[in-house]
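Just the one chain here, laid out as structure tokens, in the form predicted on its own.
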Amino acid sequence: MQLIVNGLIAGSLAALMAGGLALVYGVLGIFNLALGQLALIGGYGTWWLHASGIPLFPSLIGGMAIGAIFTWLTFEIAVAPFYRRDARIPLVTTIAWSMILDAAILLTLEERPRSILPGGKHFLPFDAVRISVEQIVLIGCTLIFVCVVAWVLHSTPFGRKIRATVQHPDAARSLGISSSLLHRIVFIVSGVLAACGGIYIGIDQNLTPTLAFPVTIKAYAALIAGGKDNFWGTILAAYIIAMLEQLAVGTPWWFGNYVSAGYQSIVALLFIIVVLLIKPTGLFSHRARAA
């Protein structure tokens, strides 16, 4: 039971990151490899505001706003000048931008771990399961946030404009729909989701500058395995990968021995390879919709 709970906790973080990636790829058709750094910026922004004496809830809103601002800068600097020429160029430019952000974060905040709630968690009195009130809130907020984004995308006039821009950009433009504005909005929303992921890390664990790459890789594993054209498939794949990671290190394999937690990160990569061998388009891909 504890492994399932741990999988839900880790999967909720991966779902936030992967959901942002799925939005950007589904609408713009590009990969943003600076998403992990944007997550850290949102988390560090919340930590800085809360450490400065601002109450937690305003600090959370401020952290998401800081993440949104840096996401907008990322789009204007590393994406907007290039993605209409070739969708592969932002793959390189966002890598370069991520390295710049890595250096800035390390130079500004050093390698010392930071926690948004340094006082410790409030664990519930369960004998078989160890889970805190904060973790339950994080899991619930993640599911609500992802559902709201999906609802806006699939059940609102704004979402229909986005899908129209994706499927028939020329026709959408003739109807007065600004594709460039929609692209910016979707990109910024993906950054807000990433910032929520950074806040998640800062509350549940500790923020360190080295976390950007691992969380990005796990999110991309979910995106590819779930099907790049399927938002809910990506979210489900994020939880599947997290569960497999917990089972890999939490289950005795041979003669009662456990796999070291240091090998946990390779589960996502192995999962991608297996899925692509079985179904190259992803487990839940479909061709009926592009967003």
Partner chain sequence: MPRFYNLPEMPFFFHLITVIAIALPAQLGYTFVFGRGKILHFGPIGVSTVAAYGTFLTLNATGSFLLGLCAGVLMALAFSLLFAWLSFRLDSDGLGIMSIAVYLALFAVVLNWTSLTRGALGLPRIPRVPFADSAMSFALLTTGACVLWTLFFLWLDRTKLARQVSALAEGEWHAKALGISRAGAHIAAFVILGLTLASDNFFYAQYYHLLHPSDYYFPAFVSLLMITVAGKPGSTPGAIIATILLSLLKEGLRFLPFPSAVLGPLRLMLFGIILLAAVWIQRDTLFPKKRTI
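A quick note: this is a predicted structure, and the numbers were derived from the prediction, not measured. Numbering follows the first chain given and starts at 1.
A second form of this protein, the form predicted in complex with the partner chain, is not displayed here; the remarks below concern that form.
Undergrad: Name the stretch: of 48-56, 62-70, 239-247, 224-232, exactly one has residues whose heavy atoms fall within 4.5 Å of the partner chain in the predicted bound form.
TA: That would be stretch 224-232.
Undergrad: Flag this candidate site as yes only if V92, L106 and Y220 all have a heavy atom within 4.5 Å of the partner chain in the predicted bound form; otherwise mark no.
TA: Yes, all three are in contact.
Undergrad: Pick from V152, V129, I136, A96: which has a non-hydrogen atom within 4.5 Å of the partner chain in the predicted bound form?
TA: Exactly one listed residue reaches within 4.5 Å, namely A96.
Undergrad: Is L143 one of the residues lying within 4.5 Å of the partner chain in the predicted bound form, judged by heavy atom distances?
TA: Judged by the heavy-atom cut-off of 4.5 Å, L143 is well away from the partner chain in the predicted bound form.
Undergrad: Although the partner isn't part of this model, could you tell me whether R112 comes within 4.5 Å of the partner chain in the predicted bound form, counting any heavy atom of the residue?
TA: No.
Undergrad: F213 versus the partner chain, in the predicted bound form: is there a non-hydrogen atom within 4.5 Å?
TA: Because a heavy atom of F213 falls inside 4.5 Å of the partner chain in the predicted bound form, the answer is yes.
Undergrad: So, in the predicted bound form, is S260 in contact with the partner chain at a 4.5 angstroms heavy atom limit?
TA: Output for S260 is yes: heavy atoms within 4.5 Å of the partner chain.
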